[in-house]
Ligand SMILES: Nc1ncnc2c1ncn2[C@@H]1O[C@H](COP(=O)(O)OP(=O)(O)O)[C@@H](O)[C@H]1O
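Next up: a single chain in structure tokens, the form predicted on its own.
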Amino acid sequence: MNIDLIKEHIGDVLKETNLKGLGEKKVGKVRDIYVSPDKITLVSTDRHSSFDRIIAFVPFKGEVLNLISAFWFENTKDIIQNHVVSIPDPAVLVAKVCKPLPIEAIVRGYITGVTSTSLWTHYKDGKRDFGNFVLPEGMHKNQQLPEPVFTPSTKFEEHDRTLSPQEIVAEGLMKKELIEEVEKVAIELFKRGQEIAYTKGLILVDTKYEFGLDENGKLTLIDEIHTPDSSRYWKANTYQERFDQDLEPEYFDKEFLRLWFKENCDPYNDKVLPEAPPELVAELSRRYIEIYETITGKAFDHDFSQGIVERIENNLKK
């Protein structure tokens, strides 16, 4: 889809839904979640979240995220069962009810990042022993790790904490056997993701998974998988050359919209934010579509014949 067509439909976004007969509605950052006793209906909206608030509505973003997840769920179901019951609409996933585990399963294939919780920040500050793995001396930022590593963090706390599996057991968050199973499966999923992404010219750098237990207590992959919102991707063909020159890798960049807000307001404290420039929103939409097409190998196809909510209601009726 070209940028002119996106600009033409810049206002055709799914901001929120109020669908009837699907159960109790809960609102997440990006998704509207309808909970009934036997299933959960997840509707991916076009809300774009940053600074703990919604900063823009990005055309087609919800569909792109949902369809990327659908691709990866299908391509990893031999590793672990997932929560997908059906995908009745490009923006909707119907899932089975699972009890979420209290951690996010984060897997990293490269030593990178700038936040206080990033692997590179800890390493630069002298940390080598991370509990379940030890990193060698002399590593450089953005270097590939000898093996992918598992760095889980808490999920239901005000500020997420990175904990080793041993600390998770010691704090009584999860049993030893369960966290070991989560680690094994998460690394298998990540390796599969890296293999497939590499054939598409991408490096899957790091990601987070969410797991739950189904009605039989069986481990199940839930939420989303390998989307550009839960994962970091770099371009594979220029990585080594740029690394050798001490340059940052080429990556799927959503940061430019965040930076615009930081330069034009105080996004954490201002009550009302300025409206995001339409050309930046259109460019972000274009990038989401590009990564969808790169990963799935399919052209992104949006149904322009009906409104988004109308289309969702019609598809759910079917």
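Predicted model, so just to flag it, every value in this text is computed and none were measured. Each residue number is its position in the shown sequence, starting from 1.
Absent from the display: the form predicted together with this ligand. The rest refers to it.
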State the residue from I291, V30, L284, A70 whose non-hydrogen atoms include one within 4.5 Å of this ligand in the model of the complex. V30
Which pick from L202, I222, V205, I179 sits with a heavy atom within 4.5 Å of this ligand in the model of the complex? I222
Mind telling me which stretch in 90-98, 137-145, 239-247, 114-122 gets its heavy atoms within 4.5 Å of this ligand in the model of the complex? 90-98
Contact test in the model of the complex: A276 vs this ligand, heavy atoms, 4.5 Å: no
Spell out, yes or no, whether the shortest heavy atom distance between I40 and this ligand in the model of the complex is within 4.5 Å. yes
Does E183 reach this ligand in the model of the complex if we count a contact as any heavy atom within 4.5 Å? no
Do K191 and this ligand come within 4.5 Å of each other in the model of the complex, heavy atoms counted? no
Judged by heavy atom distances of 4.5 Å or less, which residues of 147-161 approach this ligand in the model of the complex? K155
